[in-house]
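One chain is shown next in structure tokens, namely the form predicted alone.
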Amino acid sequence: MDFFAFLIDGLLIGFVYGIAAMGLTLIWGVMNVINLSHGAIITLGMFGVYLAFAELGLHPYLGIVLVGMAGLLTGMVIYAVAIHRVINAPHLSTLLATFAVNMIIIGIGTAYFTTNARNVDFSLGSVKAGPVNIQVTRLVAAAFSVAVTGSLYFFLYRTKYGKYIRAVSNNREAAELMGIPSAFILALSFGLGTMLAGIAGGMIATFFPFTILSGGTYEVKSFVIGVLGGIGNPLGALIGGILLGIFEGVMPYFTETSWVPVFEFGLFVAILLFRPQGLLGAKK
């Protein structure tokens, strides 16, 4: 396989990785909560699109939009039920709360779907760019990822509630003194993070098979990307996702695929040691 085929494949998948990481880093940056249910929520996005396509006959991209809307509401409910009471507690409490949500989702999903692999049997064909054939679904996913990133930036910097989120992220106590409803804003932030994770899962489902346990892999990648791009920076998450995707794409050209996770975590440790603020740093 040509080197450029590996490169382009990794680049396009990297856009989707960026959206997945964006959900994690938004919650982490605004709420200082490490969301261990992130992978399970990505899986819910996969199965949401699968059910919309296979059971309801909806177009997968319409399914992704519906999954995003459902993810926003689901995230706000999860925050109200599991996170709200421990938001000011030590980090271990929020870790345990989100881990409990993760296990509940996986447990119910395993009981209902089993661990058999599913796939969304959908294709838009391919286009030829020189010697490389590119799947159109991946091109669409990359374009959709850019659109989602732009929409999130517009929301955070040009709307009232987006400015409220940035204010709460910078100084929650001061924001409350200014009359900003921090409880609602934190719930909204968790909902947005969940929405982004669900959208990423839905896009992944259009070109990879998956099981109820697939989200864990993408959760780990999201942590690596979050540190790489800078916690709390959506654009940093997208750039970090693209870089990790390229890294994953080209590594099999030089070595065995089984070595890729080793190099990924080596990169993760190196960033923590030499540039813990990430490439772009936190964006407040």
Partner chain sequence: MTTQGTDAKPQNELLNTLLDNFKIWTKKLSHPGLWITIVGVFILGYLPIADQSPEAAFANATARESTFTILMSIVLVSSLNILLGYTGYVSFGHIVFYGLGGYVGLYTIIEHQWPLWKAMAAGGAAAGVLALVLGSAILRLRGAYFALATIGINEAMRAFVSNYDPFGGAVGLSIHFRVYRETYGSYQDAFLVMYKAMLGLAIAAVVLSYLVKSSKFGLGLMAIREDEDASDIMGVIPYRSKIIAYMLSAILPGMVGVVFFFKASTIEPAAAFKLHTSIEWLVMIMLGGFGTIMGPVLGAYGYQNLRTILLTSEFFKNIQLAVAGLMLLGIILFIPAGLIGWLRRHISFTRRVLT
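Positions refer to the first chain, counted from 1. In this text the structure is predicted, and so the values were computed from the model without any measurement.
From this point on, the text means the form predicted together with the partner chain, which you will not see here.
Legend entry - Contact residue in the predicted bound form, from 242, 30, 40, 227 (heavy atom within 4.5 Å of the partner chain): Exactly one listed residue reaches within 4.5 Å, namely 227.
Legend entry - Contact segment among 69-77, 190-198, 83-91, 145-153, judged by heavy atoms lying within 4.5 Å of the partner chain in the predicted bound form: Only one stretch qualifies here: 83-91.
Legend entry - 4.5 Å heavy atom contact, residue 61 to the partner chain in the predicted bound form: No, residue 61 is distant from the partner.
Legend entry - residue 140: touches the partner chain in the predicted bound form, heavy atom cutoff 4.5 angstroms: No, no contact at 4.5 Å.
Inset, instruction - Could you confirm whether residue 220 comes within 4.5 Å of the partner chain in the predicted bound form, counting heavy atoms only? - result: Taking the distances in the predicted bound form, the answer for residue 220 is yes, it comes within 4.5 Å of the partner chain.
Inset, instruction - May I ask you to state whether residue 129 is within 4.5 Å of the partner chain in the predicted bound form, using heavy atom distances? - result: No, residue 129 stays farther than 4.5 Å from the partner chain in the predicted bound form.
Legend entry - Residues in 260-274 with any heavy atom within 4.5 Å of the partner chain in the predicted bound form: Going through 260-274 in order - heavy atoms within 4.5 Å of the partner chain in the predicted bound form - the hits are 261, 262, 265, 266, 268, 269, 272, 273.
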